[in-house]
Structures are given as structure tokens and as C-alpha cells.
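Presented below, as C-alpha cells, is a lone chain in the form predicted alone.
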């Protein structure tokens, strides 16, 4: 029971939806892990062991969520504010739309700025500026040091190829 919230003694259907999602994710991981070659390797640990461990943990969380939902011992969820979610979703959509047109740095700066704005950071231009610097550094590390290509746009061509 949570502080400040009287318990509800009826099933909470949202808990069952969450439990189903957790169980579905666990099943997906288990199916994927079943396709991995399991040599055992050194100390008998193979590449499928960690995904299986994660899947079993998700299944345990699913069962615990169902039990909590049946007991009805869950607090009332707080009222949701749509604006932060819309800022973050807008940033994701903007990054997807601009990634191959404007490049990683500009689209990453936009995503960072809009996500920061969703979390309450103001003004937006400062968050975008910080995102720009971070995205530039990340692009440089991945493209120059690690030789892993990120989508480049005109800015990346000017700075890193020019």
C-alpha cells in the first residue's frame, strides 16, 4: 500500500495489460534466445544465458503485477499531462523525418532539445544548443574514432569531410 492513497479492493485492469506486455516481451526474448547457439564456452555460460535470465525476470515481474492487480493494492495513478509526451513524440518524429535529410547532428540536436523541453527545460534554444554540441561529439566519436557510419547531412560533410 502506498502512502497517501487508500487501497482499492477491486482488480485493476491496467495491471493485467501491463503484465501481458511483460509476458509477451519475455516470450519474444525466450524465442530469440532459443535460436542462439549455446556452446557453453568458458565456465558453461553461453550467449543465450543472459537473455533467458532477463526473460525469466520479466516473467516474474508479470506474475507479481497480476498478483498486485488481483489484490487491488495499487495506488490510483496520477493524472497524466499530455504536453511532455507530445514534446518527446514530436522530437522523435522530427528526428526520423530529418535524419537522412539534415543528418545526425541536426536531427539529434532537435530530439535532445524537444525531449529536454518535455522534461521542463526552458528555453528551447538552449536545450537544442546543448543537444547540438552533444550530437556533434557523438558523431565525431562514432564516425571518426569507431568508424561506424551515422547518417551524415550537409553539416557533417562540411565539418568532418571538408
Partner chain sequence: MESFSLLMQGVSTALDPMIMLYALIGVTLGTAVGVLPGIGPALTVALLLPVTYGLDPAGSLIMFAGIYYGGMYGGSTTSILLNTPGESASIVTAIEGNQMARKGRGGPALATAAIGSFVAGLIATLLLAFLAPQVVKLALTLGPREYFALMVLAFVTVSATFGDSALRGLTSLFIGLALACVGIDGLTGAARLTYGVPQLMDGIETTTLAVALFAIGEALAVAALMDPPDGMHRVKGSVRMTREDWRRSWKAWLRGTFIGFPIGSMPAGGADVASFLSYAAERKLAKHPEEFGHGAIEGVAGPEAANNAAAAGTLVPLLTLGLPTTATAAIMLAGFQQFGLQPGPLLFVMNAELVWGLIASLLIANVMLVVLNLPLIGLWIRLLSIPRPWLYGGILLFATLGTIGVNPSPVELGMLILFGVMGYGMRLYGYPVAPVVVGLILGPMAEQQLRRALAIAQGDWWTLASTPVSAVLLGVSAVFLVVPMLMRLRGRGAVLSQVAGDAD
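Numbering follows the first chain given and starts at 1. Computed from a prediction, not measured in an experiment: that's the story for all the values here.
Although not depicted, the form predicted in complex with its partner chain is the subject of the following passage.
Distance criterion of 4.5 Å from any heavy atom to its partner chain in the predicted bound form singles out 134 from the list 134, 101, 70, 34. Not displayed here, its partner chain is kept clear of residue 20 by more than 4.5 Å at the level of heavy atoms in the predicted bound form. At a distance threshold of 4.5 angstroms between non-hydrogen atoms, residue 151 is in contact with its partner chain in the predicted bound form. Contacts to its partner chain in the predicted bound form (heavy atom within 4.5 Å) from stretch 89-110: 89, 92, 93, 95, 96, 99, 100, 104, 108.
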